[in-house]
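Coming up are structure 1 and structure 2: the same protein chain in two forms, each one given alone as structure tokens.
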Structure 1
């Protein structure tokens, strides 16, 4: 896989009425990535996306898309980019097809072909409502139309701001599958924001986490999530007895006792020995759950806000 950088933000920052909402943000999205942009509500995800898509002017820093500076070369930079920002909004008094024509003609400089529109609407399952005014659409349908509209002009980079927001579980699954399909079959780079770690975990290859406008971590999803499995939660009864035993163990160190069990830091290879020791001393081990440190971190972050 090539490592060409298709989207880069350099020291990106933005204030609203003097309040910093995005701070010195350096993101790198490579071709072929499904890039998960994770953060709790109000973290600055949409603000960052607005800057990337030139809706607002950054206070500091710059954005480069396909090597083009967004500020200096806006039209070239955005030529093969499409996306949705915040909630999906359309001309409610016009049909889905008309909305697609309006959006698409801005990129193509001519009205997009009818067949192409049909294909895109088909991809998101809106074919049979294509002629209806968007006013009659449900939120989930508008969300799908947003994705269809983004796909219309064969973009190389798609930016989706919380594309599963407001969808039912089935709809969420469909969007995840679609994103996967776009990335693997069509070679489209996808940048998607979310406040759900497990969603990003399921579809993304690389990810960044931001909180209160600051980048917390950025890297490959595998590295960030799966390499950190040396913390486990041991669900065991009776807990008091097990706790004493674990505290005495050389190979394990008890972090805390939580609702789900005892949180222990231990080398993965030593887990069988630990379980054996617990069982030998008469404890019942119900589960040993590997814990992703990032998850706990992300959860504590969302709980704060």
Structure 2
């Protein structure tokens, strides 16, 4: 994966009625990322996206997209960018193809060719419903149609604000698979804002967490979760004997027991000593599995902030 930075915010800030919504925000999105932009509701995610897309003006700081300063070179900076903020709007009594023609004529200043529309609808899995009125579409299909419209300009960077909001599990799966396909097969960098942590965990390669407008952490998803993986599942027999021993250890804290083992909070450096103590007591340790959970990591980071 290239280390080229395609999107950078530098000291970005915004206030409404004297209240600071985003402050001193420094983000870096690299080419090929599926970048998860995470935060509780009201954390400043949508405000940040609007500033990145030049829909609102920052109070402080700047945005660089593909090396172009957004304020000085807005048209060049946004030339290879597409974005969907909140939910896309359509002419519900028109077909998907007709909506694509209208959207294309507005964004590209010309009606896109039928071949181009067919390709974009095919990418999002709507080829067989292309001629149907959009009012017959499910919420998930409308989200995918919105992404198809965004793809008309052949973006190198696509920004999605809560794309799975309000979707049922099937709709979430479809959008998640589409995001993965766009990144891995089409080479499109995806900036994905969401508060649905499980969805982001399954698709994101890098992420940033903000809270109350402040950046808490950013980096590789795997590395951040691994660095915080102090919860392990100990698969051990006999479990009752092991549980009694673990409860007496000062270095370990038993969280709960389950079929797969005993969940234990413990410093990674102390795991070998824990295993040795269990073995010496006559227990058989079959596995010690680090529990990497974006939800646990997110909660720990936002609570600390």
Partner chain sequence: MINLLYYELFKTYAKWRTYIGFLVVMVVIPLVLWGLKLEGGNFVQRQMGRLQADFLVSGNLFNAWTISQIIMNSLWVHVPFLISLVAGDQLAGEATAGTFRLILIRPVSRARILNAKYAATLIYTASLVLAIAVMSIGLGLLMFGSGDILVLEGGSLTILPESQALFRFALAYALAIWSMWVVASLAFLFSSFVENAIGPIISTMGVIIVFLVVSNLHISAFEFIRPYLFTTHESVWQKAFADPLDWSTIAASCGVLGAYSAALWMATLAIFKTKDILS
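Numbering follows the first chain given and starts at 1. Throughout, rigid core stands for the largest set of C-alpha atoms superposing within 1.5 Å between the two forms. In this text, all values refer to a predicted model and were calculated from it rather than measured experimentally.
Looking at both forms of the chain, which one is the form predicted on its own? Structure 2 is the one predicted on its own.
When you overlay the rigid core, is the Cα of residue 127 off by 2 Å or more between structures 1 and 2? It does shift by 2 Å or more.
Does superposing the core leave residue 164 with a CA shift of 2 Å or more between structures 1 and 2? The answer is no; the displacement is under 2 Å.
Taking the rigid core as the superposition reference, indicate whether the CA of residue 90 shifts 2 angstroms or more between structures 1 and 2. After core superposition, the C-alpha of residue 90 moves 2 Å or more between structures 1 and 2.
Would you look up how far the C-alpha of residue 276 moves between structures 1 and 2 when the rigid core is overlaid, in angstrom? So the C-alpha of residue 276 has moved 9.2 Å between structures 1 and 2.
Provide the displacement, in Å, of the CA of residue 137 between structures 1 and 2, taking the core as the superposition reference. A shift of 5.5 Å.
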